[in-house]
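Have a look below at one chain only, the form predicted on its own, in structure tokens format.
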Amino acid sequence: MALISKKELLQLTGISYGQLYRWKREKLIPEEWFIKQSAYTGQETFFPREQILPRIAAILENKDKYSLTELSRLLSPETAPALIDGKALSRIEEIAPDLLPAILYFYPKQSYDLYDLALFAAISEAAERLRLEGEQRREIAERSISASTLRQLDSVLTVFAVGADYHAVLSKADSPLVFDSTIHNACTVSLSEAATGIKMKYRDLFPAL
């Protein structure tokens, strides 16, 4: 799990120390993301990079659109809206259109929940970031879906290469994976943040929110 220091986080996002800790108190940022580690300057605070950066971007983009209560609910991975009809998947731009037929083939259902949507979006993002093409994209969709047994939104999808083959692992966000030197092109995508983006962008699909 790649970490980012508090100092670098504040510099990259332009937010203040006060904002960061106010959002923590308001439960917009999970307390468990504040990771204390020893450094040469003493004890410093770090954050899971793949989760904190999109979370802060989402807060900044939506803090003037929603009340704190609404925003906290939208950002909570525990908020699980109703099932979505399979026909609505094509509306979700975060799910790559060329991967959708493979996803529906490998995981055929009448309706899909928020975890499913987040997983499909994470697969699409990983395939894009690793620049996978053709059969490799379809294979990683199949392997990611077959690895999806946890079914928890506080999971991360890690796609990595061993030689010419790509593989997928789904693990808890707070359980970092450590690979040996033969593993290449590791790409990690947070399902929680994928779910947050989908809930905010497609609120009409989730009337309960």
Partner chain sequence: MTQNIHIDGHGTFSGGAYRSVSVNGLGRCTEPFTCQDITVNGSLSTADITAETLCVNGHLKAQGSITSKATSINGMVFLDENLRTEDLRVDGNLTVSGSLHAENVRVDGRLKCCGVMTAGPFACDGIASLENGLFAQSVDVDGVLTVQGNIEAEHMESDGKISATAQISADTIRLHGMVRADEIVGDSIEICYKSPARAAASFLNSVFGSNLCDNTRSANLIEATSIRLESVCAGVVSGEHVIIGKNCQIDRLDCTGDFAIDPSSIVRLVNGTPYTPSAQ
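Basically, rigid core = biggest C-alpha set you can superpose within 1.5 Å across the two forms. Source: prediction; values computed, not measured. Positions refer to the first chain, counted from 1.
The same protein also has a form predicted together with the partner chain, omitted here; what follows describes it.
Of the heavy atoms in E44, some are within 4.5 Å of the partner chain in the model of the complex.
Among residues of the shown chain, K7 is one whose heavy atoms approach the partner chain to within 4.5 Å in the model of the complex. Using a 4.5 Å cutoff between non-hydrogen atoms, E32 does not count as a contact of the partner chain in the model of the complex.
For K201, no non-hydrogen atom is located within 4.5 Å of the partner chain in the model of the complex, even though that partner is not displayed. Contact check for F160, G163 and H167: none of the three has a heavy atom within 4.5 Å of the partner chain in the model of the complex. The stretch from 48 to 56, 22 to 30, 142 to 150, 175 to 183 that comes within 4.5 Å of the partner chain in the model of the complex, counting heavy atoms only, is 22 to 30.
Once both forms are fitted on their core, a CA shift of 2 Å or more is seen for L9 between this form and the one not shown. The pair R25 and V189 is at least 3 angstroms farther apart at the CA level in the model of the complex than in the present model.
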